[in-house]
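The data below hold one chain only, encoded as structure tokens and taken in the form predicted on its own.
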């Protein structure tokens, strides 16, 4: 079973993905972006949130859900440090002695950590072992039709310290000013989850876990996505720049084989997704589609998709 989600969310005055600090200036991530204006294509630079940032947030939620269900998560991942068994030092913490066979290495890691099972890893030693992530996530980019209204603007902030002659040291200032570049946009991104890849070897394509364990891991993978979207707990600087806005639209498709919803950066993404699924139906492939918008909240749409997967025996 393959789940694909398209999400549109409005974020005003956000600092979800900062990329560098130069002096007292923190810069928001920006990317070149193709838009059409007056019948001509042009490139503009717009605020963006990287797939790495969203993937990190998803895996943090996955850690919490897995631990709540009593499933194994390695110490590094529990701390939110997703090294993913990249070398002998990190692999040796969970598998000792380290096997020589790539299949045995992959199986040992998958059994030891849900995050590395679902999120993949690259063991860059001899023999190297690579496991692709069962989930995929795009950059969050402004919706095409309103991309020219997306902005990134620095905001001035100041911190003050009460100092008298006895407490002041050297040239320390009583006031520090700094700038945080904030973004405002209607963003869209895509999230995919290949449930058939959970608990299954990427080398042999055979299960390395028993059926009940695989179903539990699929369930926590879905719950982690639900929590991330429902709570808006993704991105940086949430403590003082929690975005003003929320999810405006969401579409979820569930198919037997990989199928990705049309990107929500396009205004007709829901209609196009429906038409594409109709074509699949003509081939005899079963699918499920639910849309959240004015009549349905995102949580209701996600719950319907999870219930459908439950009825289909995915978990």
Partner chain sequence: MVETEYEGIVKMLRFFVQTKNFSYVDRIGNALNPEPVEVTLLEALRAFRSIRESASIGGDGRRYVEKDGNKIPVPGIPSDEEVKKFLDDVRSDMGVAKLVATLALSYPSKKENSGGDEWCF
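Positions refer to the first chain, counted from 1. Computed from a prediction, not measured in an experiment: that's the story for all the values here.
Although it is not shown, the form predicted together with its partner chain is what the next lines describe.
S.K.: Given a 4.5 Å cut-off on heavy atoms, tell me which of 26-34, 247-255, 271-279, 50-58 is the interface stretch with its partner chain in the predicted bound form.
M.R.: It is 26-34 that comes within 4.5 Å of the partner.
S.K.: In the predicted bound form, does residue 20 come within 4.5 Å of its partner chain, counting heavy atoms only?
M.R.: Result yes; residue 20 sits at the interface with its partner chain in the predicted bound form.
S.K.: Can any non-hydrogen atom of residue 149 be found within 4.5 angstroms of its partner chain in the predicted bound form?
M.R.: Residue-level check for residue 149: no, no contact with its partner chain.
S.K.: Given that its partner chain is not shown alongside this chain, does residue 242 nevertheless sit within 4.5 Å of it in the predicted bound form, heavy atom to heavy atom?
M.R.: No, residue 242 stays farther than 4.5 Å from its partner chain in the predicted bound form.
S.K.: Given that its partner chain is not shown alongside this chain, does residue 45 nevertheless sit within 4.5 Å of it in the predicted bound form, heavy atom to heavy atom?
M.R.: Because a heavy atom of residue 45 falls inside 4.5 Å of its partner chain in the predicted bound form, the answer is yes.
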